[in-house]
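We begin with a single chain expressed as structure tokens, specifically the form predicted on its own.
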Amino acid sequence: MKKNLYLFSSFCLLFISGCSSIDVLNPKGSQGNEQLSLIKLSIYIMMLVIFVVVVLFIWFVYKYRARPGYQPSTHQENRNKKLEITWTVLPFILLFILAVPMVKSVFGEAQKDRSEAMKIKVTASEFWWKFEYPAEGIVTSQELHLPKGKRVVLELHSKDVIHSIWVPQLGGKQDLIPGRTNRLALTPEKSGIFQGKCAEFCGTGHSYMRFTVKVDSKQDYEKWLSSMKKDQNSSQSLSADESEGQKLFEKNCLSCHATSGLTAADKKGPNLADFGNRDHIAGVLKNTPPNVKEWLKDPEKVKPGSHMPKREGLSEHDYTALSHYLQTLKK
């Protein structure tokens, strides 16, 4: 009974592991398409090996089955050079067929000219992502905007431990190692919203270290860049409740978080420019005022391992005012 339960549980876990919004087999970028081709090639080779093994297994079972009048031969073949050479050489041939396009893909991407590519600096910290656009002088966090059809080179850095960036539908993944700069090229071919995440176990908040990738058309991307360069709330009127939240933010949060998308205003915590338009809070909760309150009240409870401290002395009304103000941070 226990054995059957174990097998059933293992099968269920295997089945459930495929239930994910991460769709590796539905790429939307040139690097993702190339990786899918390699996955298909490896599957075809494995299927060929499995087919040959299964056919030989069935054939031998049938040929040497016990049956009336059958007497197994007592002759034992100790060596057969032709067979030994065959099953030694064949794996090398199959590995060679798989290795050539894989090496060509990896080193070919590394040798491509980067002068025309757009560069974005990516910094990973426990447990969030910062994205800097040096040519534009802007910075954001948790949401990476990319222009459709443009080759982008991500320069990867880590502030603490080893992380790994992975956007399954666009390509990846690549480690971010403290003290070292690695690079990852992406060329999105279709507009849309895609999930990115850390693919290297990095601590208690690893499973929540997610981010969103928004691939925009050229016009939408230029519009987003332009909006990020504007001062937050420069032309926005706030209600009394939102103004109160702004004052609370300046008193309790401004030392760590910037609300401007300009690099010069960047601080040690996640940049909150355009926070009101983000889909998720800290990559975990849906971005709604009640969820913002839940996050502000106890970040560690929502996202284990978070370094954001819980503010003491704030009332329920204060949290409401803060959550309303944060929703006004829209470009």
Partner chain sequence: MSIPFFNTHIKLASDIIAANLSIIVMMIAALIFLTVAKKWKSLWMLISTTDHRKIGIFYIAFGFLFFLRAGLDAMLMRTQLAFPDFHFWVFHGEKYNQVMTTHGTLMIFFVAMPFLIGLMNIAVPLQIGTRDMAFPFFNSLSMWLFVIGGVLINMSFVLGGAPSAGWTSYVPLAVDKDIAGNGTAFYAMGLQVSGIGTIMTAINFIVTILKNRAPGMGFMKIPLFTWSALITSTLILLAFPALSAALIILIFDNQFGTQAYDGGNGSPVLWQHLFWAFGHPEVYIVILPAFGIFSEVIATFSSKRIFGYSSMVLSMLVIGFLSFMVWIHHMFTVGLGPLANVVFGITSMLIAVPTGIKIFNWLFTLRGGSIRFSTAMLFSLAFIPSFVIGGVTGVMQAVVPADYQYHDSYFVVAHLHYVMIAGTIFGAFSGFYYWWPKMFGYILDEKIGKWQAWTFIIGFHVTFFPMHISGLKGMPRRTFTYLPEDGLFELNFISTMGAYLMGISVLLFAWNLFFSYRKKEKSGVADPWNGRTLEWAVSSPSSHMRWPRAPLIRDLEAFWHEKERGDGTLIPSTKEESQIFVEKPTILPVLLGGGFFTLSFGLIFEVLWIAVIGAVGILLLMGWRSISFERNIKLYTSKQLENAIRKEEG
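Positions refer to the first chain, counted from 1. What we label the rigid core is the largest C-alpha set whose atoms superpose within 1.5 Å from one form to the other. Note that the coordinates shown come from a computational prediction; the quantities given were computed from them, not determined experimentally.
In what follows, reference is made to the form predicted together with its partner chain, a form of this protein that is not presented.
Q: May I ask you to check whether Gly203 falls inside a 4.5 Å heavy atom distance of its partner chain in the model of the complex?
A: Answer yes; at least one heavy atom of Gly203 falls within 4.5 Å of its partner chain in the model of the complex.
Q: With heavy atoms only and a cut-off of 4.5 Å, decide whether Lys293 touches its partner chain in the model of the complex.
A: Looking in the model of the complex, residue contacts with its partner chain do not include Lys293, since no heavy atom lies within 4.5 Å.
Q: Is Asp318 close to its partner chain in the model of the complex, meaning a heavy atom pair under 4.5 Å apart or at it?
A: No, Asp318 stays farther than 4.5 Å from its partner chain in the model of the complex.
Q: Does its partner chain get within 4.5 angstroms of any non-hydrogen atom of Val139 in the model of the complex?
A: Contact check for Val139: no, nothing within 4.5 Å of its partner chain in the model of the complex.
Q: So which of 146 to 154, 246 to 254, 213 to 221, 190 to 198 is the stretch with heavy atoms within 4.5 Å of its partner chain in the model of the complex?
A: Stretch 190 to 198 is the one.
Q: Report yes if all three of Leu25, Glu126 and Pro168 come within 4.5 Å of its partner chain in the model of the complex by some heavy atom, otherwise no.
A: Yes: Leu25, Glu126 and Pro168 each sit within 4.5 Å of its partner chain in the model of the complex.
Q: So which residues in 140 to 178, when you check its partner chain in the model of the complex, have a heavy atom no farther than 4.5 Å from it?
A: Heavy-atom contacts within 4.5 Å come from Asp160, Val161, Ile162, Trp166, Pro168, Gly171, Gly172, Lys173, Gln174, Asp175, Ile177, Pro178.
Q: Asp113: CA shift of at least 2 Å between the shown form and the other one after core fit?
A: No, the C-alpha moves less than 2 Å.
Q: If the two forms are fitted on the core, does Leu56 show a Cα displacement reaching 2 angstroms between the shown form and the other one?
A: Shift of 2 Å or more: yes.
Q: Rigid core fitted, is the C-alpha displacement of Ala66 between the shown form and the other one 2 Å or more?
A: Comparing forms between the shown form and the other one, the Ala66 CA shifts at least 2 Å.
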